[in-house]
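Taking the form predicted alone, here's one chain by itself in structure tokens.
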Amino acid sequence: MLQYAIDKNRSEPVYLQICQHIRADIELGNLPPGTKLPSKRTLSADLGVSVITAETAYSQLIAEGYLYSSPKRGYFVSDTLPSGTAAVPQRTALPEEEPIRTDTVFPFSIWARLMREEMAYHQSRLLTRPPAEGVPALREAIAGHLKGMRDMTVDPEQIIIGAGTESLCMLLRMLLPEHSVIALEEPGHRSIANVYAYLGMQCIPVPMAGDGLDMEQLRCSHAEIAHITPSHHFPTGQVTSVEKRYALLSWAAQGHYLIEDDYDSEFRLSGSPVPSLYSVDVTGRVIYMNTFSNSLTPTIRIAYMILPPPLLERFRTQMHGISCAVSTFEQFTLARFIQDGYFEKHIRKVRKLCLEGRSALQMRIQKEPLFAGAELSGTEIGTFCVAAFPTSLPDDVLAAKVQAAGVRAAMLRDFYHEPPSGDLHRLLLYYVV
């Protein structure tokens, strides 16, 4: 989404003002090469200008060499800038800091309408301080969504709303024993590890086996908690086997807690959904966690978790009188978005986008020499897969070549808490850019 200040009272044509803003962002590196720009209709709506004005601005930038267009795909930032200009290099972000873009299908107009309606007809509740758990309307909507999408029966009272996954981790830190040891998947989300370490928790990386977390290593770790992604492991794409799931639940029943991070369960592309650990847990030792940052857009910092009764009681005691960190405006808007069926429609569109991206990637692997012999895994769910390359190239060189070929990629080794020696020749390849 591009937001620029347009002054229609200036003598300079509006389309040239738009050109100046986009040109500056490209030259400063804020819009890197290959970035997909909003459609001309989306740009016109965002800036409050006509479609013809937006199209004229894009045409001018194409003529200048800043953009190029691709039939049925849209407008993109050129790989090379016009002579005489130079982009300012930007810092290299960790792979998990680069979210998959779903803004091409995000229904901005619907979201804006729902928010306007909330502000017009429900002003009193918008100005009421939300409880620590989050507003009841959103928790009820999430419970209904989980029943329909994941066949999970959840009491809305057990749902806690937070401002992103990191915020929920901070809340959990206040509920769990002070000197807790937490087991993390190796490889896994480094950002999550950084949050737990910052909160003073001892983090123990536990390697992944072929069918899930290595149980022997988990038992030897002396961890009281394990943060896992069993439905679709990040970043290898593994799905934890049934046998391993019951082994994890058995471990949890011995006085431990499992944090089930179900970060992209909505994006199953083939096969039947894998039941959540929470739905089969009978001992109350599974904490279910999910986020709307992946399924909607990273700018909507709303996540939620489902607490077992003992932790829920502790939460209510310790958080009494504290307000939820997410604004009531966004909470009520999201509740409407889910209840009115727009979230489900959005998920279907993103799934379609992922399927198209997966098919395109598979075709490229069959045709292009660079991908010759590469084997894909983890293609059944999510917005990425893992490719193993039969090559002697260093991982960084391989990743650079794949990126240059127009496929967004990240080195698997970058997701290890303790980086392995040598090259793995395995890359994450993303379907959606």
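Position 1 is the first residue in the sequence shown; the rest follow in order. In this text, all values refer to a predicted model and were calculated from it rather than measured experimentally.
Same protein, other form: the form predicted in complex with another copy of the chain, not shown, and the subject of what follows.
Within 4.5 angstroms, counting heavy atoms, which one of the listed stretches 338-346, 325-333, 248-256, 149-157 is next to another copy of the chain in the predicted bound form?
Within 4.5 Å of the partner lies stretch 325-333.
Honest question, do Phe108, Trp111 and Tyr198 all end up within 4.5 Å of another copy of the chain in the predicted bound form by heavy atom distance?
Every residue of the candidate spot has a heavy atom within 4.5 Å of another copy of the chain in the predicted bound form.
Heavy atom within 4.5 Å of another copy of the chain in the predicted bound form: which of Leu312, Ile204, Leu126, Met215 fits that? Just give me the one.
If I apply the 4.5 Å criterion carefully, the residue I get is Leu126.
Which listed residue (His233, His145, Arg173, Arg268) meets the criterion of a heavy atom within 4.5 Å of another copy of the chain in the predicted bound form?
Of the candidates His233, His145, Arg173, Arg268, Arg173 is the one lying within 4.5 Å of another copy of the chain in the predicted bound form.
In the predicted bound form, does Pro71 come within 4.5 Å of another copy of the chain, counting heavy atoms only?
Contact check for Pro71: no, nothing within 4.5 Å of another copy of the chain in the predicted bound form.
Taking heavy atoms only, is Gly210 within 4.5 angstroms of another copy of the chain in the predicted bound form?
No, Gly210 sits far enough from another copy of the chain in the predicted bound form that none of its heavy atoms falls within 4.5 Å.
Would Arg301 count as a contact of another copy of the chain in the predicted bound form, using a 4.5 angstroms cut-off between non-hydrogen atoms?
Yes.
Can you work out whether Ala360 and another copy of the chain are in contact in the predicted bound form, taking contact to mean some heavy atom pair no more than 4.5 Å apart?
Output for Ala360 is no: heavy atoms all beyond 4.5 Å of another copy of the chain.
Your call: Lys345 and Lys72 CA atoms, closer or farther in the predicted bound form versus the shown structure, by 3 Å or more?
Distance between the C-alphas of Lys345 and Lys72: shorter in the predicted bound form, by 3 Å or more.
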